[in-house]
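What follows is a single chain, given as structure tokens, in the form predicted alone.
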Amino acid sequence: MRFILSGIVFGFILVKSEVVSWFRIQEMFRFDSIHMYGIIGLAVVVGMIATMFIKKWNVKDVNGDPISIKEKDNSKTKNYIIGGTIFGLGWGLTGACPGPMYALIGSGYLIFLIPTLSAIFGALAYGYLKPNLPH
């Protein structure tokens, strides 16, 4: 239940901050506005600070287990670039990334069922093909 409530709160924040707006995403890709870059940059800074505190104070999860964050594997930089490029192309084509797609469906934009189902199919296809892909 707490995950559903967290998702609803996260979706509400996405809608109110206009991150799900196709027009805001278009502005970002045209470099017409700093709105999306500001939100993404803020998320990166908050993530960096949270990671620093988790590592420094050995923070535990809700079950009392220590949170461990593995060091980044720099040998996979090429994979990150290829995966990020595919993600960016999908974002540019549909006007939404995975999180906002659910918020848009919840807001009544049922046309986003198509990219959401496509993303689910893509994840299933990746899971099926993963043993045969270079990693």
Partner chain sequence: MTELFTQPIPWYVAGPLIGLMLPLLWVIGNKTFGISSSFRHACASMVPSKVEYFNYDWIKEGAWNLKLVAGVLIGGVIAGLTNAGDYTVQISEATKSELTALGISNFTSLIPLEIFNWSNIVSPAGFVLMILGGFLVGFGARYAGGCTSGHAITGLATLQKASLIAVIGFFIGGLITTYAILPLILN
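What we label the rigid core is the largest C-alpha set whose atoms superpose within 1.5 Å from one form to the other. Positions refer to the first chain, counted from 1. Just so you know, these numbers come straight off a predicted model, no measurement behind them.
Quick note: we don't show the form predicted together with the partner chain, though the next part is all about it.
- Proximity of Trp57 to the partner chain in the model of the complex: non-hydrogen atoms within 4.5 Å are absent; the residue sits far from the partner.
- Looking at 2 to 26, the residues that come within 4.5 Å of the partner chain in the model of the complex, counting any heavy atom, are Arg2, Phe3, Ile4, Ser6, Gly7, Ile8, Phe10, Gly11, Phe12, Ile13, Leu14, Val15, Lys16, Ser17, Glu18, Val20, Ser21, Trp22, Phe23, Arg24, Gln26.
- Core-superposed comparison between this form and the one not shown: CA of Ile69 displaced by 2 Å or more.
- When two forms of a protein are overlaid on their rigid core, residues whose CA moves 2 Å or more are considered shifted, and Leu124 is one of them between this form and the one not shown.
- Here's the thing about Lys76 and Phe53: their CA atoms end up at least 3 Å farther apart in the model of the complex than they are in this form.
- Relative to the displayed conformation, the Cα-Cα distance from Cys97 to Lys72 shrinks by 3 Å or more in the model of the complex.
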